[in-house]
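Here we start with a single chain on its own, the form predicted on its own, put down as structure tokens.
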Amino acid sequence: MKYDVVVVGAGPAGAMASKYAAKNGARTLLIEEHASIGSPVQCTGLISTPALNECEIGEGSFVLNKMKGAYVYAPDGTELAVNGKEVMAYVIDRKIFDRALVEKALDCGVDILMKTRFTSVVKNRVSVISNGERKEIQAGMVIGADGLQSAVCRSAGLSKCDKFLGGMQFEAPYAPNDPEYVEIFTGNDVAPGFFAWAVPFNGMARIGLAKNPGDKPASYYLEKLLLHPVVASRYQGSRTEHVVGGIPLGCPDKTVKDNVMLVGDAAGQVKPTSGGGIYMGAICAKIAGEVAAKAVRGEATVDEYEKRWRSAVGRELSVGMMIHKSLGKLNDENLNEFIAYLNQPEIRDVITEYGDMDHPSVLFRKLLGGSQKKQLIRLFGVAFRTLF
């Protein structure tokens, strides 16, 4: 087999990269190691409205619920209501969503091989095991969209992301206060260094968390989350669809080498403040597909991809990482104070006006320019002011 571009991994980033490679004239192959698209699920399944737009797919049967806001709970139980002016996010069925994206790629002329595991890339030779048989594929360019444990990254000798959060989630019957609001729980007892969540849909919720690396596993904190007064009053027992996974944070210094490009989770193109990867991944995947097609024709090099994706989202990811690190250093008392600060009427108005799941730096910039900035700087330290 011989292709201009081989894309490894048929998740959202891989589907978008292959679609754009084909749209730009490249003979493109998409390979996926699993027997079906979208399995196993390793995602909360909550995506922003801009993320859906970047995927160029529109609302479909994969939409299970629409979110208009969030309730954020401090460690001491204080509730902060974040109200959106319109639909802020969608709860989706990732299996149906991923399959819809791949179908769009196939419509553009992409070929696909299922049950095909990538093993190595050496120059223009891609080795795989397809349905138990070893095969070699000639490829002008290779795009690694194969997730946080990227085999393409390892084979190419590229560096991994800065850190990985451990996560766990399940679905269960749940009676939320408002089915159009996500519930977010903070505190070192339930999600040290990050946060926990309950995402409601159709009388159910996805209940889970992500946490900094540490001695205790995510399952330990998930059991503690179920004892949280809010969750305990709404969780109605029984569990299905257990998901265990990780979230890569912090992009490596290089995401390209020779004829290889990394995209999506494999490149750490994940929002450090929320753990969401579809929005950033889709933006970068489209650039990767276009550049790969041009590179095969000698019209570009992989360095163009590196430059363009960092220009598009690199600063937002860097600022998000610094915000993540700053928040991760707060103890429960600090978190209580921070959420009390956000709960002030004038601050809530700023959040409603400027809050953005995909660009948190916009909100933080506004907060630091407001009349209450001294309290924010005191919480995070003077260094936080220099982020902007």
Ligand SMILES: Cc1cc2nc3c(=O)[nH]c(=O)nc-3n(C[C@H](O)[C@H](O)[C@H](O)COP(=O)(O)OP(=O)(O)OC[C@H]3O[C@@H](n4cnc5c(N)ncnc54)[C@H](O)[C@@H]3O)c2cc1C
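Numbering starts at 1 and runs along the sequence shown. Source: prediction; values computed, not measured.
There is also a form predicted together with this ligand; it is not shown, and the following applies to it.
**Study point:** Complete contact of Pro192, Leu227 and Leu330 with this ligand in the predicted bound form (any heavy atom, 4.5 Å)
**Key:** No: none of Pro192, Leu227 and Leu330 comes within 4.5 Å of this ligand in the predicted bound form.
Review point. Taking heavy atoms only, is Glu337 within 4.5 angstroms of this ligand in the predicted bound form?
Key: Result no; Glu337 lies far from this ligand in the predicted bound form.
**Study point:** Touches this ligand in the predicted bound form: Arg117 (any heavy atom, 4.5 Å)
**Key:** Yes, Arg117 lies within 4.5 Å of this ligand in the predicted bound form.
Practice item. May I ask you to check whether Ala26 falls inside a 4.5 Å heavy atom distance of this ligand in the predicted bound form? Key: Ala26: no contact with this ligand in the predicted bound form.
Point to revise | Partner contact for Glu32 in the predicted bound form: this ligand, 4.5 angstroms, heavy atom | key: Yes, Glu32 lies within 4.5 Å of this ligand in the predicted bound form.
Exercise for review: Go through 109-117, 314-322, 79-87, 251-259 and give me the stretch that gets within 4.5 Å of this ligand in the predicted bound form, heavy atoms only.
Suggested key: Looking at the other structure, the answer is 109-117.
**Study point:** Option touching this ligand, based on a heavy atom within 4.5 Å in the predicted bound form, out of Asn343, Ser326, Asn65, Gln42
**Key:** In short, Gln42.
Practice item. Tell me, out of Pro75, Gly140, Pro176, Gly246, which residue has a non-hydrogen atom within 4.5 angstroms of this ligand in the predicted bound form. Key: If I apply the 4.5 Å criterion carefully, the residue I get is Gly246.
Exercise for review: Note that this ligand is not shown here; using its position in the predicted bound form, name the residues of 4-27 with a heavy atom within 4.5 Å of it, in sequence order.
Suggested key: Going through 4-27 in order - heavy atoms within 4.5 Å of this ligand in the predicted bound form - the hits are Val8, Gly9, Ala10, Gly11, Pro12, Ala13, Gly14.
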